[in-house]
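So this first bit is one chain, no partners, the form predicted alone, shown in structure tokens.
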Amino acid sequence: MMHVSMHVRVNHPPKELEIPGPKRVREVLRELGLIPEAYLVIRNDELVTEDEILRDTDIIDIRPVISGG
């Protein structure tokens, strides 16, 4: 049986990893030790919410929220 994992890219600090799914966005962030309010999760160029389910075949970008004036 072949095991497939979602490909996750974290922009800050930069790293790439594979995480088995399916999992909700908040579960992935928790596994990575990231605070959900401080990061945006993007799947296929679309922003996803904490409740969205990420699949094994997804490519995910996690980017820090940047504020400024």
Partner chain sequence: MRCRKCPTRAVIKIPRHHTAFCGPCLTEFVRTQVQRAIKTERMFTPDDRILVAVSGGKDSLTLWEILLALGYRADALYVDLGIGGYSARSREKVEQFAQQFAEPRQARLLVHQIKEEEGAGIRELADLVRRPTCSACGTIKRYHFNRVALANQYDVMATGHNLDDEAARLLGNVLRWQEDYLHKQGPNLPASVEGFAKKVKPLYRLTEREIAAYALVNRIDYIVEECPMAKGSKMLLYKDVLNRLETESPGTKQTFYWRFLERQANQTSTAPSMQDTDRTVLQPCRLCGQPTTADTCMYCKMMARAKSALV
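These numbers come from a predicted model, not from an experiment. Residue numbers count along the first chain shown, from 1.
Note that the form predicted together with its partner chain isn't included here; everything after this is about it.
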At 4.5 Å between heavy atoms, is E31 in contact with its partner chain in the predicted complex? no
Is E50 near its partner chain? Define near as a heavy atom within 4.5 Å, in the predicted complex. yes
Does at least one non-hydrogen atom of E46 fall within 4.5 angstroms of its partner chain in the predicted complex? yes
